[in-house]
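Single chain ahead, written as structure tokens, the form predicted on its own.
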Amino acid sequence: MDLDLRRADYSLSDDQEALQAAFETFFERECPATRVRSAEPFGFDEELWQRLAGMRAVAMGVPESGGGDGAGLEELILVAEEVGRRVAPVPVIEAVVAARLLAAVPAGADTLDAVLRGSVIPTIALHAGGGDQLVPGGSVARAAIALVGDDLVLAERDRPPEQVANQGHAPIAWWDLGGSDVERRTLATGREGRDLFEQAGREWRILTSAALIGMSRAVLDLGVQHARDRVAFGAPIGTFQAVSHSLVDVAMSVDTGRRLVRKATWYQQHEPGVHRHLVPMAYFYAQEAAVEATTVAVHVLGGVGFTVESDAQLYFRRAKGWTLVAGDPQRELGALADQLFGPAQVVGA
């Protein structure tokens, strides 16, 4: 395909469609809403994680030279979308990003082997600097990659710290990266370390964006089905414009968000130095779309939607909570502006 055309066409290949269908089937069978609820509030299902490891969900993103299957981000976002569609209680995104980073540095080889064997769950600390920080997947991971000063380090613990309670029921935890119970070793230093850390951060945002789009698609389906089934004043409520227009807005946001995520993914994989602003753009848009979609679903379901027993609430709480571990999503607008226009300058100071 002509390169200029490919930059505008993000349709899936037959192999990619087959990959997404395989994980869609897996999560449909293995991760119903009852299983998601049973994992609350901890947000982790060990048995589901092991079965997912059998699908090589983490190993597939590692280069073949590192013992993986050599899949790229274009394939990984398809898995992430299915994770979000079922709000699966497994830290796939963090583990994939960390495993790919470990594969990029020789010093991470032994830990990567343990990850691929399934004996260690890795994660990444999203904020540069040492000390305490909330880490995604931190309450189930024993290895976390972090940027401390100019050093990219691997922090390892004998066992994970306790989970921090959160409305998204995510397995997050505080990691003291300089604590006495943490063993640290350097993976890379200087510019190399910073570049690898920044790349991992972009990959985490891309995969999380895909998961949020999957979440939005799922609650849209819930809302549409209820709008068809629920009858008021002798007609399905989907015939009322106040309901149908809101659902159409969500459908448009889902399609737009998916295209934006795939575009950001394509450039990150094939031309990583070009259009980096697409990553914070996709991440911010996907988060906004997920909040909108889950809010609309809760309202469409009416009184049922506001109860904690509603499936819409499973998604609503996670749409609000999943991205906060990386900080206020509004800050992505600042990152987007910096990418497009350069760092902010104080005029007349």
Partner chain sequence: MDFSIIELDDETARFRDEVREFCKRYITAEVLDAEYRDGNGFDLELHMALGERGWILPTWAKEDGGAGLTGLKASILALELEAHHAPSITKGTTTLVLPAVMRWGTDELKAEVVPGVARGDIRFCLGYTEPDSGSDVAAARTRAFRDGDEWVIDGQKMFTTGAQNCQYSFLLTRTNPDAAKHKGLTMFLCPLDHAEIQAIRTLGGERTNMVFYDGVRIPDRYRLGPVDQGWMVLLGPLNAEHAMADSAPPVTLDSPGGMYGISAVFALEAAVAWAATPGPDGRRPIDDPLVRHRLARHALDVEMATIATGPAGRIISSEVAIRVGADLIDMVGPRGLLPRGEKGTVEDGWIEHSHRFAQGTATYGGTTDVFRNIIAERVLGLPRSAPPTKSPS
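Remember, predicted model here, so these are calculated numbers, not experimental data. Residue numbers count along the first chain shown, from 1.
Heads up, the form predicted together with the partner chain isn't pictured, but that's what we're talking about next.
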task = Check, residue by residue, if 51, 199 and 205 all come within 4.5 Å of the partner chain in the predicted complex, counting heavy atoms only.
result = no
task = Spot the stretch among 60-68, 316-324, 36-44, 23-31 with residues whose non-hydrogen atoms come within 4.5 Å of the partner chain in the predicted complex.
result = 316-324
request  = Sort through 232, 107, 114, 128 and report the residue having a heavy atom within 4.5 Å of the partner chain in the predicted complex.
outcome  = 232
request  = Could you work out which of 257, 138, 91, 214 is the residue within 4.5 angstroms of the partner chain in the predicted complex, going by heavy atoms?
outcome  = 257
message = My question is simply whether residue 9 lines the interface with the partner chain in the predicted complex - judged by any non-hydrogen atom within 4.5 Å.
response = yes
ask   = Would residue 100 sit within 4.5 Å of the partner chain in the predicted complex, counting heavy atoms only?
value = no
message = I'd like to know whether residue 151 contacts the partner chain in the predicted complex, with contact meaning heavy atoms within 4.5 angstroms.
response = no
ask   = Taking heavy atoms only, is residue 160 within 4.5 angstroms of the partner chain in the predicted complex?
value = no
query = Which residues, if any, of 33-51 lie within 4.5 Å of the partner chain in the predicted complex when only heavy atoms count?
reply = none
